[in-house]
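Let's start with one chain on its own, the form predicted alone, as structure tokens.
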């Protein structure tokens, strides 16, 4: 299988090449040249455990890696999760289910992709013999998951930019308390969008990217989207037949659009028949506004109870736009140029897809955490809470629980009267915090990476 850029000005890449590059050289994002029809595979995959299902699915896309190696990679990636099912599906009632995606080492859904991506990077270093500089930006959970996936790996140095004061204290500690020599958690002023801009500009400098052997860890990397596809199929195969028969809505808290895009892509491959996907946003509702009005218009980023969704420039929106514009790279380039120049893109009407949307502000998040606790005696974090609004009572709802509530103890405690904890987070509180401030400036970040590259980092 080959991978092409949404902007159409890059040669086709193999899976391994696309993962190594991260961002396409023309500034676009990689996608499979053709989406396969997997409609006949679901029955044969139903009896597999999570690692086996991941290997079966990913071997369709990473055709330059044999199935036996995929089995080895996925069993390594998901062997450290703290639940035997990896992604348990919890029934709150007959029509309301929660897909728990927080049982990985950093207690967030990002672990599903980034534990695997770290192993793919390790494989790349072993294959090429070249040291790798991994660069990414985070609004909270991506950074810690990426760092943990690369922690202590020989030949890999990881640099994560995060907005100062706009991630939770425990999210920051997960990034800046590792003590690992190959980890650089860099706090920058501004918002996640400022950090993400620096990352994209660094990758846009082809000479610099080649000089330091740069690779992308953000959701712009196609491996992350494909890895996240797996848990939609996993959940679907575990839903009661009665729930599936009445129609299923996957409800996905999202800011960068990658998590919900993964599910929508699975459906485009002939799976998840009749399912819909609801983009659940917080007060930074650029995606909700697009799906209700057809206008994608960037605005100011407001700090919220759900900081990982405090985004106004959704990185994966370009991939969806490519499909929406009939896979036409010229139209995609024009739309992205319009967004860069004006901060907006007007479709003219809400898109006619299986994607819906909803919005929840901070008071609504707090009230929802309280309501879910009192109704089900189940605790959700502020991001997951955004999924518990706008549900269709005629259909089953699968809410993707994107983070463990213990990562946001203050908000949860205020809403429920109880404070969630987790042993790995408690251990972080005693470790020294290594904050490394930098300006949100591309040249400053490139100079920092060059410095550590020269001394062997």
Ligand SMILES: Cc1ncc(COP(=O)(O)O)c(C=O)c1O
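Residue numbers count along the first chain shown, from 1. On a predicted model such as this, the values are computed, not experimentally measured, just so you know.
Note that the form predicted together with the named molecule isn't included here; everything after this is about it.
Here is the short version: of 403, 29, 55, 412, the single residue with a heavy atom within 4.5 Å of the named molecule in the predicted complex is 403. In summary, among the residues 121, 277, 257, 159, the only one with a non-hydrogen atom within 4.5 Å of the named molecule in the predicted complex is 257.
In short, of 269 to 277, 194 to 202, 137 to 145, 92 to 100 it is 137 to 145 that has heavy atoms within 4.5 Å of the named molecule in the predicted complex. For the chain shown alone, residue 229 is not a contact residue for the named molecule in the predicted complex, no non-hydrogen atom being within 4.5 angstroms. Taking the partner from the other structure, the named molecule in the predicted complex has no heavy atom within 4.5 Å of any heavy atom of residue 186. Contact annotation: residue 117 falls outside 4.5 Å of the named molecule in the predicted complex, judged by heavy atom distances.
At a distance threshold of 4.5 angstroms between non-hydrogen atoms, residue 167 is out of contact with the named molecule in the predicted complex. The partner is not shown here, but in the predicted complex the stretch 88 to 113 reaches within 4.5 angstroms of the named molecule through a heavy atom at 109, 110.
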